[in-house]
Structure formats: C-alpha cells, structure tokens
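First comes one chain, alone, set out as structure tokens in the form predicted on its own.
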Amino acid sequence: MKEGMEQAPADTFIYDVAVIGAGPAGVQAAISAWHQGRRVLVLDAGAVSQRKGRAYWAKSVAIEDAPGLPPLTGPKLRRQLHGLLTSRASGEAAQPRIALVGAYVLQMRREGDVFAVVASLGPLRHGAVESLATFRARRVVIASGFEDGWPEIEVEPGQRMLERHRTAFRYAGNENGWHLCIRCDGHLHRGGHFALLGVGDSIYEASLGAQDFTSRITILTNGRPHGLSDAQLRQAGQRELCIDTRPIARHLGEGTLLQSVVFTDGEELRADGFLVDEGLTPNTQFLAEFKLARNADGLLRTGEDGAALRADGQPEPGLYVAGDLVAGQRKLIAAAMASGQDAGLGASDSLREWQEP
C-alpha cells in the first residue's frame, strides 16, 4: 500500500458515499460530498494497476486549460489531486475524513439499501486476485473513466496493453507525439501539418477541430476503409484534406518525439503533430448487474445531478456518474470536475433525512 493509502476497513463499515476513480471527476465528487459532512471512500485503481486515466497517459506536455491549476503534466496532476484527498484524510472528529484506498473494482451489487463494492487490493496476477476486500456504501459515484484505443503499429501480440503498445506510449502526449484531444493539444501545431489516425465520424470530427489551427490535415486509416460519408468526402475534397489509406509499418522519432510514420510500401510521412482516435473502452465491467443507459460508445447516460439512468430512462437509485464516463460531455478536466461536483453533491443531497415535500 502506497504512502497516503488507508488499509482496508472492516467489511461491516458503511460509508455514506463511495467514489470509484481518483481522477479529476472522482476527486471533486469526493471533496464535494465530504464538504457536506459525508463519510467518503475513494477507490483508486491507478494505485494497483496501469489504469491511471487519460490525463496521466496523454499529457507529457503541460495542461494549460484547467481553471485554478498551474500548467502541469498528467503525472503531476495526479499527484496534486491525491494531495487534495490525503490532506482531508485526517482531522477533528466533528469532520469525517476521506478514506483513499488503492483498489481495482471487480464487481458491484446491491445488498438491501447499500451497495457492496468488491475490489482487489493488489495487482491482478495473470487474472488472479491475491487480496480481495468488500466495501459498502449508501451511495456510489462512478468516475472510473475509459481506456483509449491505441494504434496497431509495431504491436507485440500476446502482451499486456502497456507492453503491447509500448512504442505508441513512448510518444503519447509529447508535443510532437500522439495526442488524444484536438481541443487540448491542437494549439501546439498552429500552421503545421497535422496527421490524424482513425476512421469514420470520430476522426472526421477531429479533423473539423484541427481546422481551428491549420489547413494542412491528413487522415490516416492504417489500411482500413475510411468510413466517411459521401458528404464528408465531398467536403474533404473541397478543403484539400488528404486521406491516406495505406497500412503503417512503424514510427520514426528521436527520443520521445514522434517525427513521422512509415507505410508498408516504404514511403515516409512527416508531420508536426499526430492525433489518434481508435475508440475507447469504458471502465465499467464491474457494473454487469446494472442495466444502465449507454450511448453507442458505451458511455453512461445521466439525469439530474449526474444520476445514472437505467435503460428505461429512469434513475438508478443511489448511483451517480461523473467525468469522462458521462455520455455527451466534453472530455476536458474542467468539465470532468464540474460533473464530479454535481454527482458528489447529488449523492450527498439524496442522503438527507427529509426532502422537498
């Protein structure tokens, strides 16, 4: 257990609010609920696994658009967020503390009026659990985010994600490396050549965002059909947007700076910036028992104050969603923290003994 992490409490203890995820949304949800006097538990998968969130993996350059924060990289942001939690991990008896536990959530279920959250307290060894704990809470905020897809270039099959995509991760988030958010990093390449890897509507949407910074845009499909509509193709032609469908063999770079990609025919494409959108995988495997409303990407639909919605459109009692998991929300730190505050306050408010008549 890392410094600042609390040992697992007894299974019989019931928190007011459990927050799954310790990124910007989860931290804000926890602090907002704690500020209202609730007993709060935060479960942080990043302490026992590689699931540290998009901001960690994608930002080796400074984050500059988060209100109230100085420019800082993803790893430094993570440390600062954890500092906010650990500073509230002790205090006077009149003010409950926030418990921060390194744990990878495996399952969640209802037990009467509470939620039971089953989690591994250590890394999974080839899928096996070495240390298991069950935490209970009256309300749960899900802020576990999603895993971005990474380009299938120089991939080592049969390895864990970090090993399989080690070359891609080497260039992740650097000023001249792979970016994941055109709104976050497009400004780094004003007037330059931007190469965007992906297919279909998602990559075309990224190209629309790229035009705010440059007119020199190439879409790379890595050997796949482009997936664009006739209308999108016509507009791309009018705007002289290039679409290259050749398979990519490897990266070329210096240190951690990506300079170009090489196609299987040997030709090299140089660019000033690269962006990848290979889809995403929501970190919601533990919600199998709950039939929640989702969009086409698997992100969760929410109602008032971040309440999770069931497939029938009705709120799932006691369950809230915040951050990148929220369908339709911009994937930005400020937006994540705002939704975390909504969810944390919503969960807290629902615990009041009496409500609006």
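Quick note: we count residues from 1 along the sequence shown, nothing fancier. Since we're looking at a predicted model, the values are computed, not measured.
The next section is about a form of this same protein that is not shown, the form predicted in complex with a small molecule.
- Only one of Glu152, Asp148, Asp244, Asp272 lies close to the small molecule in the predicted complex, with a heavy atom inside 4.5 Å, and it is Asp148.
- Interface residue among Leu299, Leu292, Ala307, Leu332 relative to the small molecule in the predicted complex, by the heavy atom within 4.5 Å criterion: Leu332.
- Under a 4.5 angstroms non-hydrogen atom cutoff, the small molecule in the predicted complex has Ala103 among its neighbouring residues.
- Contact check for Val141: every heavy atom lies farther than 4.5 Å from the small molecule in the predicted complex.
- Although the partner is absent here, Cys184 sits close enough that one of its heavy atoms falls within 4.5 Å of the small molecule in the predicted complex.
- Contact annotation for Gly344: none of its heavy atoms lies within 4.5 Å of the small molecule in the predicted complex.
- For the small molecule in the predicted complex, the listed stretch (217-225, 233-241, 193-201, 176-184) containing residues with heavy atoms inside 4.5 Å is 176-184.
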